[in-house]
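In the form predicted on its own, a lone chain appears below as structure tokens.
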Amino acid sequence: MKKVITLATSKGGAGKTTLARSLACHWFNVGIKVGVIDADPQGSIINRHNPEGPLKDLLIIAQPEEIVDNTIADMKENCSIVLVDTGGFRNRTTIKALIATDIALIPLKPSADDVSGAIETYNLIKELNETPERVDNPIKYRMILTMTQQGTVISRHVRDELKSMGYFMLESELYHRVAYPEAAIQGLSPSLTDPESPAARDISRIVGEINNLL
């Protein structure tokens, strides 16, 4: 299995990097060869990575430039899964990453601005699927709710609205838990710092759905 997963949204602060780090740590923890490309100019993943820490054997490369597709191709030679964390806006780097991806994950918080950003990103994917590079092999996508309070009315409302409009969504959510920012201080995720925690179980459910798509 050689798969590329790109996390993209045109709205910043949607939990994209938290999700990317969480997925990488989960797969790394269960022995899957995963690589991460930090294509966000802010470098949120690479800047917190400790090359001497628990993730010292995780391959992480910063590549915020338009040659990200070449970096993806190189990383696929050594990794089963390549995760690409893009910037929270539309640029050539994000477009190149999406063209090279198998699955696009579109994270969004339950807010009007995030919904708009998610739909804008979906429209970009739809546009790319009409290009010669992807017309015969369209990019799969799923929207995923992040930073939600479990069982709240607003998250159910946002989910129901998006589904009624025909958008595909993961059933699992990345709930708002303090474990994420605490682990992120060390560039880690709850899958490593506390594998039995509710946050780690959330991540495991998300991974299960993604694995079914793969």
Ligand SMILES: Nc1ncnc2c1ncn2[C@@H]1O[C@H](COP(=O)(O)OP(=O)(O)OP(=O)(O)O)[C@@H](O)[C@H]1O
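If you're wondering where the values come from, they're calculated on a predicted model, not measured in any experiment. The numbering used is simple: start at 1 and walk along the sequence shown.
Just so you know, the form predicted in complex with this ligand exists too; it's not on screen, but the next bit is about it.
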- Query: Is residue 181 a contact residue for this ligand in the model of the complex, using a 4.5 Å heavy atom cut-off?
  - Reply: yes
- For residue 156, is any heavy atom within 4.5 Å of this ligand in the model of the complex, or not? no
- Task: Determine whether any heavy atom of residue 28 comes within 4.5 Å of a heavy atom of this ligand in the model of the complex, and answer yes or no.
- Result: no
- Query: At the 4.5 Å heavy atom threshold, is residue 17 in contact with this ligand in the model of the complex?
  - Reply: yes
- So in the model of the complex, are 40, 147 and 174 all sitting within 4.5 Å of this ligand, heavy atoms only? yes
